[in-house]
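As structure tokens, one chain now follows by itself in the form predicted on its own.
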């Protein structure tokens, strides 16, 4: 899937969440509203690592890989569009869970119809919840389409694998 298609699909998912005239302004609202959204997906899997170890992986990799600005260009014989998007990751680790929030702030080329949260629209929230001494359940709240490279990287980070950074221009 090309980058413009993924951006379009992600935008449609975000807009579908906000069909009632509201966009999630917090990670908690995103978790609550995504399951009923068009193209929303909640994916769960178990990892043989503590939630704190997963949180440390998120703290190491998210700023390095996801704190980026991406420029995409779409051109047809009828139109030309430049979209600049700032990706903003946030990692939180507590005794209860580790969290990774991914937001996208469209700085150019996208008309914002709804109120935009401080760091952009939520596009993914990942929770690592302890279910044993060295075992966690990871829950990914995300779109059901696109972002394959990002999903693969986050699953690898959660499992403690050295998968590096995803190519966000090809998600």
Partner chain sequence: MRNHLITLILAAGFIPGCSGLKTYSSDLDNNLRISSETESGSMFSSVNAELDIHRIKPDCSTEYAGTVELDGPPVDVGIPTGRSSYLVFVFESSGFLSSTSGSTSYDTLLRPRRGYQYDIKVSYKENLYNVVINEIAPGGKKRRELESKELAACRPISPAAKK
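Numbering follows the first chain given and starts at 1. For clarity, a rigid core is taken as the largest C-alpha set superposing within 1.5 Å between two forms. On a predicted model such as this, the values are computed, not experimentally measured, just so you know.
One more form of this protein, predicted together with the partner chain, exists but is not displayed; see below.
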The partner chain: the contacting residue among 64, 135, 106, 31 in the predicted complex [heavy atom, 4.5 Å]: 64
Does residue 96 reach the partner chain in the predicted complex if we count a contact as any heavy atom within 4.5 Å? no
When the contact criterion is heavy atoms within 4.5 Å, does residue 163 count as touching the partner chain in the predicted complex? yes
Answer with yes or no whether residue 155 is in contact with the partner chain in the predicted complex, where contact means some heavy atom within 4.5 Å. no
Taking the partner chain as it sits in the predicted complex, is residue 159 in contact with it (heavy atom to heavy atom, 4.5 Å or less)? no
Which residues in 73 to 90 have a heavy atom within 4.5 Å of the partner chain in the predicted complex? 73, 74, 75
Residue 75 C-alpha shift between the shown form and the other one of 2 Å or more, rigid core reference: yes
